[in-house]
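Below you will find one chain, with nothing else, as structure tokens; this is the form predicted alone, and questions on how it binds or moves follow later.
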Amino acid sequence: MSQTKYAIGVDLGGTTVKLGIVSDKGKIVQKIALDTCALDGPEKVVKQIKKGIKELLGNNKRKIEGIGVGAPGLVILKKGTVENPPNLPGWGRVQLGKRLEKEFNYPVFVENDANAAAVGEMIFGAGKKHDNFIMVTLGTGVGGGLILNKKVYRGETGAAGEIGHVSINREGRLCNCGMPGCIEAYAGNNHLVNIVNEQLPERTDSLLYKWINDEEKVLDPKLIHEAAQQDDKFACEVITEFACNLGSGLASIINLLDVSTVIIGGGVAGFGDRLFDAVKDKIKERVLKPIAPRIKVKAARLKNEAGIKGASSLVFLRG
């Protein structure tokens, strides 16, 4: 019987860094989460990553094969360099892979976070039976990964799959990337909250208005989902509009690639069937007619563990 292998997976998000020790069978045997401290700049973020890895290694008795990192932004694979991640202010270009290799003396593999999540779903999750699929991660921003013929499609520089920055309105809301009308400007967590805040003064009949103004609850996607579960009209409208914007952008990608399966993960995927059904309906409405009957919109099976497992699998695939 072959010996189980282990790797450290690092899921670098705009809000939280999630880290874990993962087996080559996809089992997380230990995990932790730390604040990203994104507003404090790249040096602080790298310190948080190192802190998390040190904590994992300090309690570990298993042989570690390497470290995999899923990071937002453009990733230069050979150099392990992360460039201009939209939700990590002040980064520019950071040689993350080289810095972690120097610190820990393990092989380090850095990949775009959404690509890493897509790999995790391909190997361990909802994409196991699909040769081709589009992965969407809904979190602080909107990430994407393209699996074509069981491989990540990265494009010429590694930037392929930036679904969040597909434009759905050339004169629309301003995205963090600086361009107007990106999907992320309508479907990322921060923008979703901003949209609700803008409209809430006119929706005093909503549970959200009552909860925020009378009970001083914090507005976040979880609270919007909670209101929708109680059939709050405004919350349901917000989720449906959110889904339609996402579906419109995905329809363009599907028409371009002829890939009919979409897997959606990330925190906002917790909106559930209301989100998935509306996304699917909008895609089918807008894609070319021969494609429409084949459309599948599936929930990511690995949920919040997709980033950690996908990052760790970079070690198993390339180590």
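Computed from a prediction, not measured in an experiment: that's the story for all the values here. Rigid core (definition): largest C-alpha set, two forms, superposition within 1.5 Å. Numbers for residues come from their place in the sequence shown, where the first is 1.
Separately, the form predicted together with a further copy of the same chain exists; it is not shown, and the next lines address it.
Using a 4.5 angstroms threshold between heavy atoms, Pro180 counts as touching a further copy of the same chain in the predicted bound form.
A residue is said to contact a partner when one of its heavy atoms sits within 4.5 Å of a partner heavy atom; Ile212 fails this definition for a further copy of the same chain in the predicted bound form, lying far away.
Contact check for Met122: every heavy atom lies farther than 4.5 Å from a further copy of the same chain in the predicted bound form. Residue contact with a further copy of the same chain in the predicted bound form: Leu39 places no heavy atom within 4.5 Å of it. Annotation: in the predicted bound form, residues Ile168, Asn245 and Ser260 each come within 4.5 Å of a further copy of the same chain through at least one heavy atom. For the residues Arg294, Lys27, Lys31, Lys51, the 4.5 Å heavy atom test against a further copy of the same chain in the predicted bound form is passed only by Arg294. This chain lacks the partner; the member of Pro86, Pro221, Gly158, Pro107 within 4.5 angstroms of a further copy of the same chain in the predicted bound form by a non-hydrogen atom is Gly158. Look at 93 to 101, 143 to 151, 189 to 197, 213 to 221: in the predicted bound form, residues with non-hydrogen atoms within 4.5 angstroms of a further copy of the same chain sit in 143 to 151. Along 38 to 59, a non-hydrogen atom within 4.5 Å of a further copy of the same chain in the predicted bound form is carried by no residue at all. Positional change of Pro221 between this form and the one not shown stays under 2 Å at the C-alpha, relative to the superposed core. Fitting the two forms on the rigid core leaves the C-alpha of Leu74 displaced by at least 2 angstroms between this form and the one not shown.
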